[in-house]
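One chain comes next, on its own, written as structure tokens: the form predicted on its own.
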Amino acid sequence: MAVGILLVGGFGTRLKPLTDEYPKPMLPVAGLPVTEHQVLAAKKAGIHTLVFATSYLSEVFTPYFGDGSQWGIKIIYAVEKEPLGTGGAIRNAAELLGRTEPIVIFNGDVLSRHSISDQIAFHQKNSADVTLHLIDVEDARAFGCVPTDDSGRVTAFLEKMENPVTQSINAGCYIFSPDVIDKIPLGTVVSVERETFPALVESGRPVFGYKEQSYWLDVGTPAALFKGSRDLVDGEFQAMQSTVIAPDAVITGGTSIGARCLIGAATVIDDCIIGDDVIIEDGAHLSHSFIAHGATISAGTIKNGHYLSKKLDLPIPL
């Protein structure tokens, strides 16, 4: 068994304007918030308690997730008064957890289909302080890279470079042994990527990389969020069962449609993310657009590459 911490306190600056009204972890991907996909992954891995490490728009999470009983997992909330960085957020959230089980850290920007339970088993087999999920990418120049030896032990954390020594990068899911958490200063801004992990490696502590080349995506930009939604839809479109769609509506391009929506006659919708309780009136043509929860799109509207809500109509930098 294990416990977990989900880092969902970021501002989502790269996702603007989508995050002007919603925190990025609550943006829908294939009909569910990004965070819900991660909660489901945590439950599948046998994690029984999950702390949401929140800051920006933290009040949005509790009404949706509550105590987690709907998902069969206990959810509790750690709210940062001031952003503490990844390390500071982890230590702050860990104050709500015991120190008897492995602690799994989830990055709120990431969709991953790797086996968290296998990563935990690898961590325990190696008696590691920390085990990171690593993936290989075709071009690692845009990332910091993480070389390992033949046993999987991390040998360095390297900044972005023109000629990377390895294609392995940090995929953003970490397993911490409980006693390592307390080495992070409480109430201090700390980056685990730039401070904690390199310091552990330099001091000879056992930090390992678990490699699994499964589906992985950083959904930190609008283009990536749309890609993630299309990937998970895996078809022309996906709609929640409570949504009503006119028989002659044309919906394509991996569009996802949330709950309790009404899609009018002669509408054409391509590659869109549509939230809950949305009304799209007859004859609207929408493409590559994000329709926020509760929005109404007037009859005959034509939009390409826009964020549309009750209050806003803004272009999306796709």
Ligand code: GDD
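For clarity, every value in this text was computed on a predicted model and none was experimentally measured. For every residue, the number given is its place in the sequence shown, counted from 1.
Another form exists, predicted in complex with the ligand; not displayed. Remarks below refer to it.
Proximity to the ligand in the model of the complex holds for none of K227, D313 and P315, with the criterion being a heavy atom within 4.5 Å.
The contact with the ligand in the model of the complex, taken as any heavy atom within 4.5 Å, belongs to N170 out of Q119, N170, T148, S177. Residue in contact with the ligand in the model of the complex (any heavy atom within 4.5 Å), chosen from E80, E195, E101, D136: E80.
Partner proximity in the model of the complex, defined as non-hydrogen atoms within 4.5 angstroms of the ligand, places exactly one of 84 to 92, 180 to 188, 202 to 210, 239 to 247 at the interface: 84 to 92.
Using a 4.5 angstroms limit between non-hydrogen atoms, D234 is distant from the ligand in the model of the complex. Although the partner is absent here, N107 sits close enough that one of its heavy atoms falls within 4.5 Å of the ligand in the model of the complex. Using a 4.5 angstroms limit between non-hydrogen atoms, A53 touches the ligand in the model of the complex.
With a 4.5 Å cutoff on heavy atoms, K160 counts as touching the ligand in the model of the complex.
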